[in-house]
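Below, in structure tokens: the form predicted alone, a single chain.
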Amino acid sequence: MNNITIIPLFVIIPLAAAFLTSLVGKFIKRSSETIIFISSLALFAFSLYARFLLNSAAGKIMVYKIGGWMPPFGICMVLDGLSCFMLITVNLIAFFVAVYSLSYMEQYTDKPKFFTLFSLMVCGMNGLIITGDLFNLFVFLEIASIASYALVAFGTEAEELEASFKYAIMGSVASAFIFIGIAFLYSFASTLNMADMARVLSNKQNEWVIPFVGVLFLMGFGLKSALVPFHAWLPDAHPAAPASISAMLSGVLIKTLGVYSLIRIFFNIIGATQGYLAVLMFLGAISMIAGVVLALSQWDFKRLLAYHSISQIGYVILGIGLGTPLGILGGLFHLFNHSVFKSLLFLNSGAVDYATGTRDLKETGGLGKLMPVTAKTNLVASMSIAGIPPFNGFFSKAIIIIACLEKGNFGYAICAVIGSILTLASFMKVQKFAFLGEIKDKFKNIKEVPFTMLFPMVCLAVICIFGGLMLIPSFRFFLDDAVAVILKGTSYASVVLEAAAK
């Protein structure tokens, strides 16, 4: 296989899986489970292999030209340090969530439909990450979004349908902002290829187009990533969705559709000015504090986690908004860490709901004695999200706080510390009311969840424990190459166009 041809497989595999599942899932028993397991495992393996290939590629960039057409005339797919980092993150979580869903989704009616929509969501995220074309970024964003709207409503109860409707309306507004922004950029630059657009914008003077488009993208992608004050849809969507989909939404979807798109456009296409970065830092700090304060009063396990998603995305955006090498490193590292520990927490909440039939922390208690693996993995994830050493969340939060101090933003550093303290308080409440104390009479006969649900939880907990090792020089390339792409800014365009010309 030609090295470059691995790139379109990230779209082809999940698209083929969705097609096959919808075609044969109802007629051949267990076929949908087999297809989703093989496809998600293949995607994760290919994302690791792509990272290996990228190390030997010239300029650490690979460009696949669809139909052999040269950009900017043809559509191309680009694999670089940042897109490879996101592909590994997305497909790692997607694989574990797919395994978890094999047993968890037994309580729902139509698994083939679920796995079809799941594959389409993964297809949309992978496509958005590797596309080198701004319009196709929007197309893949819509594929992932529409699949996620349907998955939130998968239970078809009143709560799920209401949350899905609210999510769809807010998501459609976000998509409208993004589409209008792309239209303005196209009318100004006369190209949709990202690299070519960055080249044109850097040479073409303007007074109002870029600031106007920047505001549109900030609102659109801010809605997709659930930053305060664009977060209203998330606290309803996460609790309503099946736990495996909550893990995908919080773990990777809001980061791919929101954070990654924001980074790619602001840094590599239109250029990140100090004004944009200041806005990002402010929104990040507000999200950090507002999310965790709202979470403190929650008793619904999944709603509590949903508010923490808003808070933790704040840390990522604050780190990226600093614009310094250390800040961006911390932001990206926290993006990966949050994908792992928040996905694990949602899978834990799904295990508790699966075993007890409730998500209300006031009704549970003593589950640690009956569900020891779930209790221990939940403790690991809780310590990680609170930033307690030696878990992975500590290292990424520490880097972000140090980066704030390095740049002289002492107020933001204090906000980050306060956010961590309040997060710890929130998750101590979860541990106390869910897993400690006396066992309620109605729960005395419950047992640990099936192996296919335990396996992903244990694996993610292991990553939480040893995730800090990614800062060791031997493994730092995974993060450093992604940081380098962001720091290149709009000059990144010439690297892509040169690679495409070869």
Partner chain sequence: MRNNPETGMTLIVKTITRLTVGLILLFGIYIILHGHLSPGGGFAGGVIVALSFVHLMLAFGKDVAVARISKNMASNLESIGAMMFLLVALLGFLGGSFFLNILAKGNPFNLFSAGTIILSNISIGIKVGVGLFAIFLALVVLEKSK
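Every value quoted in this text rests on a predicted model; they were computed, and no experiment measured them. Residue numbers count along the first chain shown, from 1.
One more form of this protein, predicted together with the partner chain, exists but is not displayed; see below.
Visitor: Taking the partner chain as it sits in the predicted complex, is residue 475 in contact with it (heavy atom to heavy atom, 4.5 Å or less)?
Guide: Residue 475: no, not in contact with the partner chain in the predicted complex.
Visitor: How about residue 27 - does it come within 4.5 Å of the partner chain in the predicted complex, if we only consider non-hydrogen atoms?
Guide: Residue-level check for residue 27: yes, a contact with the partner chain.
Visitor: With the partner left out here, check for me: in the predicted complex, does some heavy atom of residue 22 sit within 4.5 Å of the partner chain?
Guide: Contact with the partner chain, yes.
Visitor: Residue-level contact is defined here as any heavy atom of the residue lying within 4.5 Å of the partner chain in the predicted complex; does residue 16 satisfy this criterion?
Guide: Residue-level check for residue 16: yes, a contact with the partner chain.
Visitor: Sort through 60, 51, 440, 65 and report the residue having a heavy atom within 4.5 Å of the partner chain in the predicted complex.
Guide: The option sitting close enough to the partner is 65.
Visitor: Heavy atoms within 4.5 Å of the partner chain in the predicted complex: which stretch among 464-472, 65-73, 28-36, 41-49?
Guide: Careful reading of the contacts points to 65-73.
Visitor: 273, 275 and 278: each with a heavy atom within 4.5 Å of the partner chain in the predicted complex?
Guide: The answer is no: none of the three residues contacts the partner (heavy atom, 4.5 Å cut-off).
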